[in-house]
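Form predicted on its own, single chain, as structure tokens, below.
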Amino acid sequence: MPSDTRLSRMLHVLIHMDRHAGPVTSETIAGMLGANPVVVRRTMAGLKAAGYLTSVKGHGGGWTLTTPLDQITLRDIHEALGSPKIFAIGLADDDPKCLVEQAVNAALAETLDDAERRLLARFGEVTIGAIAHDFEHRMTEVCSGSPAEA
């Protein structure tokens, strides 16, 4: 099963958008991600519905941030993307009457649920602004000067 990279990709896009003067087109974002503009629009629609972006169609249009990055958490974006499944690990249901399967599933379900709660709680503590600040710090170290757009 391939990894769902939408969260990582959208965080990347949002940080670039924050540093871009004016709206960013779906075509520009698609070029950055190596994706189809239709897929970009579909993905960005969730962020728009959640209130983090706005869009304007036509010449001079595109996507614009409506919320400062310091006010958006990883969990916010995860939820705006439809709360994709966190783990690829799942429970077996080959023989629901099997007592071994029941015991295994109970232990796995409890453990996975706990891990997901903890991960989502941590996602709620990390802002995209903090990630952007980390980027700026890394750029300063690499460039030995003022941060620049990568």
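Between two forms, the rigid core is defined as the largest C-alpha subset superposing within 1.5 Å. This one's a predicted model, so the numbers in the text were calculated from it and none came from an experiment. All residue numbers refer to positions in the sequence shown, first residue = 1.
There is another form of this protein, the form predicted together with another copy of the chain, and it is not shown here; the text below is about that form.
S.K.: Within 4.5 angstroms, counting heavy atoms, which one of the listed stretches 56 to 64, 43 to 51, 101 to 109, 23 to 31 is next to another copy of the chain in the model of the complex?
M.R.: Looking at the other structure, the answer is 101 to 109.
S.K.: Is there a heavy atom of Leu119 no more than 4.5 Å from a heavy atom of another copy of the chain in the model of the complex?
M.R.: Leu119: contacts another copy of the chain in the model of the complex.
S.K.: Taking heavy atoms only, is Gly90 within 4.5 angstroms of another copy of the chain in the model of the complex?
M.R.: Gly90 belongs to the contact set for another copy of the chain.
S.K.: Evaluate Val39 for contact with another copy of the chain in the model of the complex, applying a 4.5 angstroms cut-off between non-hydrogen atoms, and reply yes or no.
M.R.: No, Val39 sits far enough from another copy of the chain in the model of the complex that none of its heavy atoms falls within 4.5 Å.
S.K.: Between 9 to 26 and another copy of the chain in the model of the complex, list the residues on our side with a heavy atom within 4.5 Å.
M.R.: Result: Arg9, Leu11, His12, Ile15, His16.
S.K.: With both forms fit on the core, is the shift of the CA atom of Asp93 between this form and the one not shown 2 Å or larger?
M.R.: Yes, the C-alpha moves 2 Å or more.
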